[in-house]
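Only one chain is shown below, in structure tokens, and it's the form predicted on its own.
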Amino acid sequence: MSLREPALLGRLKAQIAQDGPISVPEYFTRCLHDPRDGYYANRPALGSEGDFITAPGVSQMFGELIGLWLMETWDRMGRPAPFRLVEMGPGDGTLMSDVLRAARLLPAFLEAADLWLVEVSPVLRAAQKDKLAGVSVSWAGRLEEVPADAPLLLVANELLDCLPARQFVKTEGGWAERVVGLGEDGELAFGLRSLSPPPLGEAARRAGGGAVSAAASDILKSLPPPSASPTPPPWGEDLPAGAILESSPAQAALGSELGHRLARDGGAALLIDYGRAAPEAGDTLQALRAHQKEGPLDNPGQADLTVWADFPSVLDAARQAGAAAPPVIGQGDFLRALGIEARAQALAAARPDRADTLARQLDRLTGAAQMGDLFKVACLSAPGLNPPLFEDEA
């Protein structure tokens, strides 16, 4: 007796068979946000028992120090009241819970904060409501739904990696775009489509094929259309055949949206993710399930898909929108500068039985071989604000 094929896989194969290959961004978005069978719509599994673990799940120290950074930034803003305290992609609510616990040190901060969580997953919204029970919270599906008549303090941990990227492959005949089609065995397979002159919007429509789910279509439409043609970055022209470049209009669009808002309303945004601090080639599309990597095409909708954050593009887009965007800082350096080592020592002194655990958590968050170097911290802000640790690099 054969196992029944997962529903999303079957629908994707049927669409491709009828209408042709789809772009990597559409495949990525369908896998994560299809309302019937997408990963975040139905089965996001965070933590040690789930598919992946993020920094807030490693240790409370991470969220507490983010809270301290937010409070100091608010103070440098002149302590506006009210202000919008926003988290985008808040997971199960652990980070914001830790931020608010640290913020008890400054009651005026809590009194002035109008808390918003930007979340599209109904499953994660339910988890956030449980984690933040008793806290006054508003939810939005997009940042634009958060009222814009007050300064903004925003944090997003591992959000950029959830925004899709186009992939380009250098061939002997030039560049081609990577797409998802069907192999000779009828299963999903990567293929190449020659680049053509039409604008990216037209190319995306051609790559999109048949009907797209309402939720996935809504997410794609919410991103401002890029103006450039579907070509790889110009710095890649000297790369050898076989090289892969990634370009994420979705990540750049978020940088632009944040930049415009911060330049207009004031405030700062902290973006934390794993990714590139400088342009470089490489295929970073990956799938994670039960903390193990698997092929991105193996189980659509059953595993988490990510790409590396393209910090150079995000920062450049924010600057063009009028915000200050200094160079990124490694997560390890950022947390050490905020005092994570002293915090770990204080926690160990209070609970000697947890000293070894705290040491492992500290290494996981800051160690060069762990999250310390791969993960980076970007700060976007209103011009002239000078948030902590980003004062002299505008």
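Residue indices: 1-based, along the sequence shown. Small disclaimer: the values here were computed from a predicted structure and weren't measured.
Missing here is the form predicted together with ligand SAH; even so, the following discussion is about that form.
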Contact residue in the predicted bound form, chosen from 255, 300, 90, 267 - any heavy atom within 4.5 Å of ligand SAH: 90
Answer option from 72, 114, 316, 158, heavy atom within 4.5 Å of ligand SAH in the predicted bound form: 158
Close approach of residue 165 to ligand SAH in the predicted bound form, 4.5 Å, heavy atom: no
Proximity of residue 54 to ligand SAH in the predicted bound form, heavy atoms at 4.5 Å: yes
Proximity of residue 121 to ligand SAH in the predicted bound form, heavy atoms at 4.5 Å: yes
Non-hydrogen atom contact residue 27 with ligand SAH in the predicted bound form at 4.5 angstroms: no
Interface segment, criterion being heavy atoms within 4.5 Å of ligand SAH in the predicted bound form, picked from 150-158, 106-114, 73-81, 257-265: 150-158
